[in-house]
Each structure stands twice: as C-alpha cells, then as structure tokens.
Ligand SMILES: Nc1nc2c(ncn2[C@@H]2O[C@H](COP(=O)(O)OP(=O)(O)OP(=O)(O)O)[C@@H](O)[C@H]2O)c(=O)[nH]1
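This document opens with one chain alone, in structure tokens, the form predicted alone.
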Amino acid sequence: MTADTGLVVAGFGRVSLVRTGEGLLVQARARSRRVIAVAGDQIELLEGGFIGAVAPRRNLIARTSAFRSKLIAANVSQLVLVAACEPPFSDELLCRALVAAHRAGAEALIALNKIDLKAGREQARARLAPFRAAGVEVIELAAMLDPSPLADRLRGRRSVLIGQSGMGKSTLLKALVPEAEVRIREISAFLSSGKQSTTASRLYAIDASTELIDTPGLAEFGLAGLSTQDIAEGFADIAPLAAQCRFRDCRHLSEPGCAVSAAAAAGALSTRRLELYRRIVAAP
C-alpha cells in the first residue's frame, strides 16, 4: 500500500477533509480512534482514503475540561482573539486563550472588531487597556469596511481565529479570504455529513504562505491540566512578579510575601487581571 501526505482542512471525529499535494480535496478516515486529526495537521494519506498517521506537531491548541479535550488547531503561528465593541466580550475567555497561546509557543493578538460602532467602543477599549498594559498587541478594525489592519498581520503565518459568537468572525473571514463564500460552502457540504459539524475548525488558504483557521464561536475555554505556574506564565504582567514572591510555590491567592498581591494593592498591577487569574486558577 502506497502513501502520500496531505493537509487536514477540517475534521470531525475519525473523518477529515484533506488537501493532497496536488491540491485536491479528499475525504479520509482514521482506522483507529486513537488517531485524531485536526485542521492544520499534516497526515499520511493511504490508498483507499485512510489516514495512516499524524505527523509530529509543532504545537496544538486545545481546550480541556476535567472530562474531555477538544482539539482546535495544530501547527499554528499565532492566535487572533476576536473581540467586538458590541455585544460585550468575555475578558476571561481572552485571558484563557492567551494562556493557551503561551503554552503552545504561538504569538497572540486581540482584534477589536466593529470599531465603527460608537456605542460600546470606549467601554471596549477601556476593558482592553489592561491587556495593552501587559504587552498584548491590540488592533482595531471594522471587518465590513476595511479588514486590512488584520490582513497585514496575517501575512506569512498560519493563524487561528478564536472568539465568542457575535464577535463578527464570519464577516471577518469572508473579508479576508478570497472566494470565501464558495470555499465555505464546499467545506460545509463535506461537514454536513457529521451530526455536530458546526464544532469543527476549518482551514482556508489566503495565499501560498498565509492560512487562516476559523473556529466555531466559543462560550468557554477550559485549561484543565495546567498547573498554577503554567497559568501564571500565560499572564505577561503576573509572571515577572511571581518570580519575586517569598515562596516558590506561591499561588498568588492569600499567601504571605506574595509580590503579585502586593503589586495589585499598590496599583502596579490591574486588580481585574489578578481577579481573572485567580478565577482561572480556581476553575481551570
């Protein structure tokens, strides 16, 4: 049996849509439940439409709970966290995704969409101010008017769009991807064979060196399995302070000699950022 290689464009369970080396889209199925492929994976494609193996991943973005892990995308360069002026976004979800990006060794930025809407604009900017202060890049755009601020940041990378429903991700995708409507219908037609196809991430090639992975709207982003230190390291403003705590295993909750708590009390660290960190530690 001969084998070829392919790139997973979308997948659900044991079934994946794969782009072959010749640029064709084919359906492939894993022979074992232990083989799980996700958008961005490079796979061994066997005759008969079977997936032989998944190539070693550079990184993997996944959200995890105490009971299961949901793979989002593989081998990504950066996470684009989409927020909007309206409706209100979850700053906790943004923090969780930033922790996941740090763990994966991927860059991350926040795209504040619908900046043309005056209502909610200044409030959204204020809520993102602590992220800017922590060194997180925030770009502003109106996807329906001009997606170029984000398009410039995507070039030469494989990026994954992450955000809640209502943030305008679909509009952003269609503005960024050539012939988006046709390609979305093509992938959706394949995924319609799955009962929960709306939960699948989908990869789109913008050009030869630029790819964008769209994900379903997320209501939560579990980080089960990460240690307190893992979570703290995902907060760029908390990590350097943590190194100054009296105890190496300080959780930055109510321990004596905690440099993180002291910084928040002195106004040198956003109290909201510390609150979000503590919430994630309590229920990763």
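Note that residue numbering begins at 1 and tracks the sequence as displayed. Predicted model, so just to flag it, every value in this text is computed and none were measured.
The following text describes the form predicted in complex with this ligand, which does not appear among the structures shown.
Participant: With heavy atoms only and a cut-off of 4.5 Å, decide whether Q164 touches this ligand in the predicted complex.
Facilitator: Yes, Q164 lies within 4.5 Å of this ligand in the predicted complex.
Participant: Counting only non-hydrogen atoms and a 4.5 angstroms cut-off, does A151 reach this ligand in the predicted complex?
Facilitator: Contact check for A151: no, nothing within 4.5 Å of this ligand in the predicted complex.
Participant: Would you check, heavy atoms only and a 4.5 Å threshold, whether S170 touches this ligand in the predicted complex?
Facilitator: The answer is yes: S170 has a heavy atom within 4.5 Å of this ligand.
Participant: Does this ligand get within 4.5 angstroms of any non-hydrogen atom of A134 in the predicted complex?
Facilitator: No.
Participant: Of the listed stretches (88 to 96, 72 to 80, 103 to 111, 141 to 149), which one has a non-hydrogen atom within 4.5 Å of this ligand in the predicted complex?
Facilitator: Heavy atoms within 4.5 Å of this ligand in the predicted complex occur in 141 to 149.
Participant: Select from the listed residues A189, L117, A126, V182 the one whose heavy atoms reach within 4.5 Å of this ligand in the predicted complex.
Facilitator: In short, L117.
Participant: Can you tell me which residues in 238 to 260 come within 4.5 angstroms of this ligand in the predicted complex, by heavy atoms?
Facilitator: Heavy-atom contacts to this ligand in the predicted complex: nothing from 238 to 260.
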